[in-house]
Each structure stands twice: as structure tokens, then as C-alpha cells.
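Here's a solo chain for you in C-alpha cells, the form predicted on its own.
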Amino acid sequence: MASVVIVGAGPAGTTLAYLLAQRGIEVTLVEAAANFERVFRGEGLMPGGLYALEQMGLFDLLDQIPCRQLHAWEFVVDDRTVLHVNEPTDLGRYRPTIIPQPAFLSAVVERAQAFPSFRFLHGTVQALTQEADRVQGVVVRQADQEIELEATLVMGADGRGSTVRRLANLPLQKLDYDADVLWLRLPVPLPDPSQRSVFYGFICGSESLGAYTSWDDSLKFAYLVPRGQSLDSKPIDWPTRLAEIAPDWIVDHIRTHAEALEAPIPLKVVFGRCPQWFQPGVLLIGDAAHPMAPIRAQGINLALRDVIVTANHLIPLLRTNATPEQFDQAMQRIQAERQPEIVRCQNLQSSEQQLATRLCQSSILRGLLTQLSPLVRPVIERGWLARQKHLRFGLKPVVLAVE
């Protein structure tokens, strides 16, 4: 019987394991962490990711966990609003949604465990086993033993620092991205409920800050750190630093609750894609194949869409006595089908970050923008919305075609 080992229990790994187990295919999901409560996990689902969940039959899980929809986007440069765009009302339940990823992953695994062909294994992958230049399984280390798992296919869904990618000698081509991120959390809701459904971007002088209300009513900040700049040389008074960037209405909130502001969590941005996602017997998906920048929460969404396409190509083969060559051809088709969307979204992420960098570096550009914003703001908003189309919905719909 065909069997699959999936390494990494993130959004891609858990949902693909669920789809395989639901269809009676033997699947082992291997996760290194003892639980899903990592320091950092992406929280944003775009419409394209939500549609993918619906295709999988997992959309109803969002009714079981706390969520928050985003209703608008607002960008402020030197205290002048230059863009405010409302999400289309006809998106309804498919508006961008903030979720607690640990709760979501736990719910997917729990649902997968209802199928006898599913197995969840805690451990770290030490090696890929091979025979005749083809991957045949993995070696997993647990606390007191090593286990060898045989598999028809090994799936690397283990994120931007993928172990499977390294062991399979699938190089990552890094793309230029000029900032890392510090995440800060203020566990106090904004006083005005209407402000809690808006994603804010603030640029003040040379500094840039994102802010949104998360699923638990906490206020999350993303402070952009130019690549190569160190913040470790001296202690930073973060309430004061944030207050210097944000407009007055949010400054008052920060200062009032300054003692509750939690210490920043650094996120080293890994941004790029593998020229080749597969070797005989092994395939990368999600951030393992194409780590995304944090702009517009693309990591989760593109990973879920990878899963739909992967399932369409591989499940029919896993149900039959397919040859190794047929699997290799299918993996090639998966990459070919997904790559144009990945390239497009990464290009859009790069262009948005470059624009923010230019604004931070040029007081002349900021001055022109803020002075002309009453005249050019409608044009800016239309252009922004047009660029967001592929970041929201992808290049084209993905449809789960296998029963």
C-alpha cells in the first residue's frame, strides 16, 4: 500500500495529512515541536486561503476558534492618511481573517485523527533514507530512540528553515528583501471597537510600523528593522519608540498601557524560492519550497493552495500502483502549476517593501505624498487595490478535484 510521510505540522502539513487520511491513504505527520505554541506563527488568512479551506471541507473549523475579520486597510505617512480602503462587503465570510494558528492546527490534527490511516509522530528528522538514488523514507529521532519510516513519498512541509530541503539538497535561491521584523504585543484592546477591524501601516520619518488587532483583542505591532541594522547595542524604550511613529490616537493608548507592552520578538525574514521543489521520492511545499515575506500574510495562504494542487496530482497516483516515474512527473507538474503564482506574489511583496523603504529614506518623497494626498489619494487607493488582487485571491482559482 502507498504511504506518505509529511514532515512539519504547519498549515500545509496538517491539511495535506488530513486530505490523504480522509481518502484512506496511509500518512504519518512528523512534527519536531512538542506543541503548536511557537513564539511566532502567522495569523492572517486571505480570501484565497479561505477558499482553499472551504475546498478541503475545513472552513467550519473557524467557527470553533476565535477569529477576527479585517474590514479596512489604512496607511499613514508623517501623520497624514494617504490611503484608506474598505474590504468589499460582498466578500462576507471570505474577508481577510486573523486566526490563532495553534488552535487551528490542533483542530485539523484532531479531525485527521478520526481516520485510521493517520498517524501523528513527535520527533526530529535526522536523515532521508534512499535506495537507488530515490528517497524511500526518513529517520526520526525521539527522546530515547530512532525510528525509520518507509514511504512512497516524503513531503517537506517544514517551513522556511526546512530540514527536508537541506537533506534533499534542494537549494534555496534567496531574493532581495531589505528588512527584518520585530513583533510586539500589547494585550489591551483599542478603546474604539471600530478601530479593531483595521490594519494600519505607519511611516514616520525613517521608521515603519504595522499594527492590527489580533483574534484575542491584543494589539500587535510589526516594527520594520532595515537589514543589517542592529537593535542590540543599547536598551530601547519601546513605548516611547512606538509613540514616535504612530499617530496621536494610538499614541495615547500605548502610553496609557506602556507597562503591559510585551518584549519584542525578532523575526529574521527568509525570502526566496527553490528552483526545483523535488527530487525522486521527495517534494517540498509551502514555505519549505518558497518562504514568503510577511507582507499581506501570504505564507499560510499560498501553502494551503499548494496543498490543493498537490492533492489533485498525487492522490490518484497514491490510490493505484503508480510507477516512480509517474510520481516524479506529477511532482514536476505541481511545481509548474504553482510557480507562476508564487513568483507573482513574491514580486508584489518585493515592490511593496521597496516602496516603503523609499518613503522611509526620502523626506522629499514623503513631503510630496502628504501634500498631494488630498488630490492623488483616490488614484493611490485604486492602484493599491489592483495590486492586492493576486495577493488576496491568487492568479486563478484552485479547486480540489479528487473525491
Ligand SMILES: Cc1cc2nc3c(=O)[nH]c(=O)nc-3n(C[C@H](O)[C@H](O)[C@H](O)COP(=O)(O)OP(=O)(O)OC[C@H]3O[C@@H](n4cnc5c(N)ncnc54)[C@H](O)[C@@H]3O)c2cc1C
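Start at 1 and count along the sequence shown; that's the residue number. These figures come from a predicted structure and were not determined experimentally.
Although it is not shown, the form predicted in complex with the ligand is what the next lines describe.
The stretch among 70-78, 323-331, 158-166, 246-254 whose residues place heavy atoms within 4.5 Å of the ligand in the model of the complex is 158-166. If you check the ligand in the model of the complex, you find no heavy atom from any of Gly205, Leu242 and Leu359 within 4.5 Å. Contact with the ligand in the model of the complex, judged by any heavy atom within 4.5 Å, is made by just one of Val109, Val125, Cys274, Val309: Val125. This chain appears without its partner; in the model of the complex, the one residue of Leu153, Leu314, Val138, Met292 with a heavy atom within 4.5 Å of the ligand is Met292.
The shortest heavy atom separation between Trp215 and the ligand in the model of the complex exceeds 4.5 Å. Remark: Leu368 does not count among the residues lining the ligand in the model of the complex, judged by a heavy atom distance of 4.5 Å or less.
Looking at Leu19, you'd find every heavy atom of it more than 4.5 angstroms from the ligand in the model of the complex.
When contacts are judged by a 4.5 Å heavy atom cut-off, Ala336 does not count as touching the ligand in the model of the complex. Of all the residues from 10-36, those having a non-hydrogen atom no more than 4.5 Å from the ligand in the model of the complex are Gly10, Pro11, Ala12, Gly13, Val30, Glu31, Ala32, Ala33.
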